[in-house]
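Here we start with a single chain on its own, the form predicted alone, put down as structure tokens.
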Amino acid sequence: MKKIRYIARFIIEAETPLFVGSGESSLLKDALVQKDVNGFPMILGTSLTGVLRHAFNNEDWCSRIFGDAESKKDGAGSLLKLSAACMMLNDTKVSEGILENIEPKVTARFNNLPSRQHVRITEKGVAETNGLFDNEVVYKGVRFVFEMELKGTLDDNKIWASLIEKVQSPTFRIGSGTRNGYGSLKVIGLFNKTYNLEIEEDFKAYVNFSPSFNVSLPFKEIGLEEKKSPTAGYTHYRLNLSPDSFFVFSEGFGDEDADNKPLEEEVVVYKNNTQEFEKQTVIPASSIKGAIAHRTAFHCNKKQEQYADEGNGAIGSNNRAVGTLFGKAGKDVTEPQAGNVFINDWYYSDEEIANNKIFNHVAIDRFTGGALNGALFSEKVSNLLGNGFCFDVYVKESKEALNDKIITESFEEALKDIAKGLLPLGGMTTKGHGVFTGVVLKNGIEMYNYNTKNEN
């Protein structure tokens, strides 16, 4: 009999913006996030369960723990139960049930969440038809609380530990756009308790256990340092970079000073258990990923001696390296595939990046010597104040990629090109901006160093 109850409560923080969609849209945004009855963002328990089940899909115990509705003979319900993740407000209060006396300024912030604009670019550098859309996102830094309970035996102890480690893994992500920088979560609080119902004391404690997130837990918090999980099943690349000059990852519109400015977004910071909002500079992962994907296709074609001037070579998802690493989808794709490359959005405070440099541009009419109509504009660019950037890239070790040496080498050559200063990032790259140099590490081992020119 299953007389053991494993219970864990997690406090998680959004390391990057979060998008768990509601399936609804508004006049201003094409896709809205899931919200609770109080109007605050939430994550459904089914979404959390789905991510965990997918992670353990190849384990022989997966169907027993998560349930099996497809098998007619051995079908069984799930032994694992996950609650919805509810948002933490001020003073450790959790948005649970219908709340009264919510501060209007807090409600106003979450009634008007940030939105991200996306556009699909063709190989010619122009937008695809119907390729422009935007979606609402939850602020980076927002904290949630959720609970996980497993009904099992003492022999399920290792499975329980695996479930907890997976939630703590740096590759645990939730929602849509996880390949585009969204949905990275960090566990900042973990409470774990095992009840043996054959012991009277444990039985009474379990019966009296309150599932409310606004009630103090009767068990102690676990130290997170000891529970930090390795990234099994992923190859970890790290790029330590410094810009050679200015760089800009544009917002698409300007302010009172310039016609175009770097992308900035408000984030949530909890200080003394109170939410505060800060505006920070964003380097979107989708901008980095697009550049790497194009360069990976170039190296893949080069290694196969397929050249454009001979009418050969494949681009976009038709390129085997791009399709395998970055995924493929669309009406013309017969076998859609999710991407295997995960990159986070990066955020920098005013102390790390300054956006106060303005460049003025004008196109001159060679006949009159005057400015062309509509050709005078100005742009703000970013300047690094700190020591440098540290970008992490995770590649899921799929069977297709592992068995194809050309795919792996093409991707790594693209990363080295960034560190060599050969692959500029962001906007205005033809004007000399966005050039970075530095070091590339693979699972902690140096692959390339721009300063020493050593390459492995």
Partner chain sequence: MKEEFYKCTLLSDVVLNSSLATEGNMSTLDYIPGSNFLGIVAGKMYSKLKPEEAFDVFHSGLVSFGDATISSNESIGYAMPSSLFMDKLNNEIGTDTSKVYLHHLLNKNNHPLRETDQTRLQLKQQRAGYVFSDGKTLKSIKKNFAIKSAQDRKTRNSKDGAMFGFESLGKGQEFIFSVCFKDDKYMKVVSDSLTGIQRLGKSKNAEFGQVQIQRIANPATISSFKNENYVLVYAQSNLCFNNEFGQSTFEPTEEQLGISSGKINWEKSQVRTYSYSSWNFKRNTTNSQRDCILKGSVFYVENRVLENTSNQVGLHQAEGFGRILYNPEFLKEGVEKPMAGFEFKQEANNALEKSSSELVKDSKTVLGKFLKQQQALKKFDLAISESIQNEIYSNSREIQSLKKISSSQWGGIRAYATKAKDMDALNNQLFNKESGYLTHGVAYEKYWDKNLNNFKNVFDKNKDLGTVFIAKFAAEMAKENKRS
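Because the structure is predicted, anything quoted here is derived from the model rather than measured. Positions refer to the first chain, counted from 1.
As for the form predicted together with its partner chain, it is not shown, yet the points below apply to it.
Q: Do heavy atoms from each of Val37, Gly77 and Phe253 fall within 4.5 Å of its partner chain in the model of the complex?
A: Spot residues vs its partner chain: full contact, yes.
Q: For Glu149, is any heavy atom within 4.5 Å of its partner chain in the model of the complex, or not?
A: Result no; Glu149 lies far from its partner chain in the model of the complex.
Q: Taking heavy atoms and a 4.5 Å cut-off, does Asn273 contact its partner chain in the model of the complex?
A: The answer is no: Asn273 has no heavy atom within 4.5 Å of its partner chain.
Q: Evaluate Asn373 for contact with its partner chain in the model of the complex, applying a 4.5 angstroms cut-off between non-hydrogen atoms, and reply yes or no.
A: Judged by the heavy-atom cut-off of 4.5 Å, Asn373 is in contact with its partner chain in the model of the complex.
Q: Although its partner chain is absent from this view, report whether Val126 comes within 4.5 Å of it in the model of the complex, heavy atoms only.
A: The answer is no: Val126 has no heavy atom within 4.5 Å of its partner chain.
Q: Let me know the one among Ala108, Ile188, Ile98, Val215 whose heavy atoms come within 4.5 Å of its partner chain in the model of the complex, would you?
A: Checking each option against its partner chain in the model of the complex, the one that comes within 4.5 Å is Ile98.
Q: Which residue among Lys261, Arg116, Arg179, Arg143 has a heavy atom within 4.5 angstroms of its partner chain in the model of the complex?
A: Of the listed residues, the single hit is Lys261.
Q: Please pick out the stretch from 7-15, 443-451, 430-438, 20-28 that is in contact with its partner chain in the model of the complex, where contact means heavy atoms within 4.5 Å.
A: This holds for exactly one stretch, 20-28.
Q: Can you tell me which bits of 132-146 touch its partner chain in the model of the complex, meaning any heavy atom within 4.5 Å?
A: The stretch touches the partner through Asp134 alone.
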